[in-house]
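Next up: just one chain, as structure tokens, the form predicted alone.
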């Protein structure tokens, strides 16, 4: 017989005590992950700033849509979601090249740090289907970050990219 059988409660208490992995909330029986500590900032990606246009307008959609660019923005260190952060998005699409002004637009993050912007289908440029995203908060308290994520398949209809911003 095991002297101290492993129960769900023992496992959660031990995990929370040793790794900070879980937070037990009140008497409700609900469990939630602990807030991340020491979240590293997202580095700028090579090629991310290609064809960047400062001050691209905030839009509801770029072109005719059909493709979704999504992501989440958090603060470096504590990982807290950032609301009202401006994310610029551009790409080579079925309706234009990434250098074309009409292929650029920006959106703002919600209270949960999430952004979504609909745009035309991304198509391969230089052999790779990819998008460009930038945090370019002119005068805001974070360092600029440019991303150039590559899609696994040209037929994908979404591309997700997260930002962790470092205070300037």
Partner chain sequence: MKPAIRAILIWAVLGGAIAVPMAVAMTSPLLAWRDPIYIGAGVAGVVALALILVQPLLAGGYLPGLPLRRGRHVHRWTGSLLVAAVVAHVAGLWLTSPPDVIDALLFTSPTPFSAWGVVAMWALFAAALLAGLRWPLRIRPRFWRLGHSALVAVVVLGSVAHAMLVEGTMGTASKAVLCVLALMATAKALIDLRAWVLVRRLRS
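Numbering follows the first chain given and starts at 1. In this text, all values refer to a predicted model and were calculated from it rather than measured experimentally.
Not pictured, yet referred to below: the form predicted in complex with the partner chain.
Candidate spot 58, 74 and 113, all three in 4.5 Å heavy atom range of the partner chain in the model of the complex?
Not a single listed residue reaches the partner chain in the model of the complex, so no.
Sole residue of 38, 54, 127, 101 within 4.5 Å of the partner chain in the model of the complex, by heavy atom:
None of the other options qualify; the answer is 127.
143, 70, 44, 50: which sits within 4.5 Å of the partner chain in the model of the complex by any heavy atom?
Flagged contact: 50.
Residue 93 near the partner chain in the model of the complex, any heavy atom under 4.5 Å?
Result yes; residue 93 sits at the interface with the partner chain in the model of the complex.
Quick one: does residue 123 come within 4.5 Å of the partner chain in the model of the complex, counting heavy atoms only?
Taking the distances in the model of the complex, the answer for residue 123 is yes, it comes within 4.5 Å of the partner chain.
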